[in-house]
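Listed next as structure tokens: two forms of one protein chain, kept apart as structure 1 and structure 2.
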Structure 1
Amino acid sequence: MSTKIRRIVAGVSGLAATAFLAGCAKDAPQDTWQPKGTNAKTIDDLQQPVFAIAGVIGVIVTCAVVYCIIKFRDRGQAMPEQTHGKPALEIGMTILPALILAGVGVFTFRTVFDLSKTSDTQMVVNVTGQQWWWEYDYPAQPELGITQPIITSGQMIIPVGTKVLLRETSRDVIHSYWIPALNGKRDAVPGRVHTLRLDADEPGIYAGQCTEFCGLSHANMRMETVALSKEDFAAWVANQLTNAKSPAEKTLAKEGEGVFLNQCVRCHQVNGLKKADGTPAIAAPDENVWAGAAPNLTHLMSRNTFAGAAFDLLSQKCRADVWGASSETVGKKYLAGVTEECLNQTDLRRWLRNAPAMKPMYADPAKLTSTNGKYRGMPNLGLTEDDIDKLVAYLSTLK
């Protein structure tokens, strides 16, 4: 090859590589090739060489076929020798891939066992899937400041650099928990508990999606794992351990509390909420929802998504600010929660007005015979605009 051609080739491939990397740098939040935790990195270290080997073999086969097409085209040559094969070559071509695969197999074997280890766990979160959202239940772990169990949903908060073990199960059908930047996926199967290791190197919001087909709104069953610095995590825990405070009398929010007690508390728990007679208001989702659970809303505004992480609680501008924040500032921005001016009023109101219109669910009271009248999802509550105003005001106080 002449030097000129070589230079052109080098230039072109250099350009291509740059374009490729520039493309990668701001890719989809669920990119599987940008690991951000040790488990995902372990997987990536294993898979990259496999992809490379596969790529090379693919190119070799394609080149061989193309060579044949060009070289052995019928140009009136004599009938080729009627050979039935060359056993030595055949055996060689059987052993060669076997050896390559044996090599890959050894590393695969080791990695499978590494990724299933549970002995080095530093923190446990029980993760429960149901149609179509995730519940996170943090058992009491005093050494991490979690003195009482914490229940939240949609977004799972973990301290950075901590080996977290998820214990997954499901309340209805099979779901699958997957945060591509942190680890591969693991199915949450009803009646079984499966473990998944998770840790993040840096603070940030890591997006994921349910990846086992789970019915009507499978596409809308999303989740995020939010990694916070140890201090920020402690602050988050401290906030989660508090109960909701009742809004001041004569405010719109106080009226909203009344609406909540009338309607929402049938399924949604708010810790600390009291009925008019002063007794605690206890949600009874098991009477109304097939899965027997609904998201706990005590600290709704500390998360920035709702309805199974399908919608943003933050307005677009504020969302971009938090999600695009650097690893140094993301923790503080996240902990600020959803402030008055950042609240995504449009979507929240739409949801309160008619939830099943926003996210397909089995919530038509006329079609619940198969579940004995229990909903799968949130029904249209028939709230008036007035009620919605009040509710939004109340929900905004659930920091």
Structure 2
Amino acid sequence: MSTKIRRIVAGVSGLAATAFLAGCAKDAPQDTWQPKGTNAKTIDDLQQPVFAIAGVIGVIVTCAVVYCIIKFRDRGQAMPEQTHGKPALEIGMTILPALILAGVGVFTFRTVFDLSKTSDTQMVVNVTGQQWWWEYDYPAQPELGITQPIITSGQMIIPVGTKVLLRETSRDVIHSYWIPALNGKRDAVPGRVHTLRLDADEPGIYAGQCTEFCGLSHANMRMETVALSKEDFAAWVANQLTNAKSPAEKTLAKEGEGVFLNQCVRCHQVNGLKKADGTPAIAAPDENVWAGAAPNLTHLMSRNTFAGAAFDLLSQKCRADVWGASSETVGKKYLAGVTEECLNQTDLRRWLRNAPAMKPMYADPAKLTSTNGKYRGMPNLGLTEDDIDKLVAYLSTLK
């Protein structure tokens, strides 16, 4: 074998090895090869044999190509006699792939119909995408203890062993909801409602990602599904149904409540929050932000991410403790919420200081507002460091 051929073979082998090793990871929360729910296992049962067949065919074709390159390389010999090939071989090599694709198509067709089934769902969550976060609206479902609507964001909480019906839509552009461990993806389209069924076999936190390009911060539009035992889910529901409590007088958190009323309540709702005159403080995001909605912050510290799950509310050590917990303990650790010693103040303060710098809203910072004066995403509020101290203290009480 000539030096040139050896280099080509070595180069191709190196690229193949690099591509293979790039798919290996110890910590891969969005790994599609580790299904944790009924629908995800249905997808895995289809993709395993398909990938195996494709792998075998790929190896055969690669070996045939390499063999031909080496065996019949140009050595300066005369041009051999040209023929029109062997009809039997050509027909056979046409029919065989057709049969393989037909077989894959039949099983794929059946799987698609199985994944579309929603008649056996036991719970409903309305999922709304917008630039660049997900809102979860739980309508009243007394049989699950949800006696009145619950609205949250970033993390969707579901009970283990319960088939959940997601009713997906969007407030602005097309998004796509995907939790690899629990099911395939489904587009969220403005003006339409698409359904998706998912469930989790065991308690845990399952990461996902918007999979339809939706603007500048598409890569920052993440989501997480937290599966809890039925007992822990009931505890979560009970907490979510309560209103936020006002901090004690003459505390930094109470001063932060004043800053929140002055700055944040224009877009963000905190259930139970009252103005100085005792009337309820009602947010009006439709008057201030492009999409007409902003995350409800009533129980911000009961979830461990913020800004569309793009950033952690938990410090790195505490986050690893929750994510690395066993299925028996993850529920209790998650329900503990974000404690003072675990709060990731660094990122939270950076967000309050200048949100667009952390999660881009417009390519041109000079165009942070549209022609009608509404912000796209969280604006830079120009808060002082003193205001930020007060706001962090107040937000820490929202559990």
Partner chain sequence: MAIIERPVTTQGVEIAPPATPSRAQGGFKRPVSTTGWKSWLFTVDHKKLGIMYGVMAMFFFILGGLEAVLIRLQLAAPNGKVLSASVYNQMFTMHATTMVFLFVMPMAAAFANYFIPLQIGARDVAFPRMNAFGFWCILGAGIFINLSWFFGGAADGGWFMYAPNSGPIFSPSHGVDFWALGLQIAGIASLTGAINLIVTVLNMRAPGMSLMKMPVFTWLQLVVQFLLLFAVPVITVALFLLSFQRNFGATFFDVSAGADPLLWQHLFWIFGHPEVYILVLPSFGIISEVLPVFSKKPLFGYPFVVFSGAAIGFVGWGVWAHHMFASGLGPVSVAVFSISTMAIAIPTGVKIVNWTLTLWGGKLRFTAAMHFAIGLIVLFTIGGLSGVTHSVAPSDTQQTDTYYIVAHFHYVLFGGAVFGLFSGFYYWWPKVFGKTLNEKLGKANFWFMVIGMNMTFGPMHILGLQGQPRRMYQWTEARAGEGFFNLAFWNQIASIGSLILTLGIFLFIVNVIKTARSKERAPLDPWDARTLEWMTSSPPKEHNFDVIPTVHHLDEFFHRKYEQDPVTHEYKQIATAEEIMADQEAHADKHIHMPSPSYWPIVLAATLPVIMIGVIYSIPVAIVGGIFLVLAMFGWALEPSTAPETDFDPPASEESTKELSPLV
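Keep in mind it's a predicted model, so treat the numbers as computed, not measured. For the two forms, the rigid core is made up of the largest set of C-alpha atoms that agree within 1.5 Å on superposition. Counting starts at 1 with the first residue of structure 1 and goes up one by one along its sequence.
Between the two isolated copies of the chain, the second is the form predicted on its own. Once both forms are overlaid on the rigid core, the distance between the two CA positions of T346 between structure 1 and structure 2 is under 2 angstroms. Remark: with the core as the superposition reference, the CA shift of E81 between structure 1 and structure 2 reaches 2 Å or more. Once the rigid core is overlaid between structure 1 and structure 2, Q48 does not reach a Cα shift of 2 Å, moving by less than that. Overlaying the rigid core between structure 1 and structure 2 leaves the Cα of I70 displaced by 4.5 angstrom.
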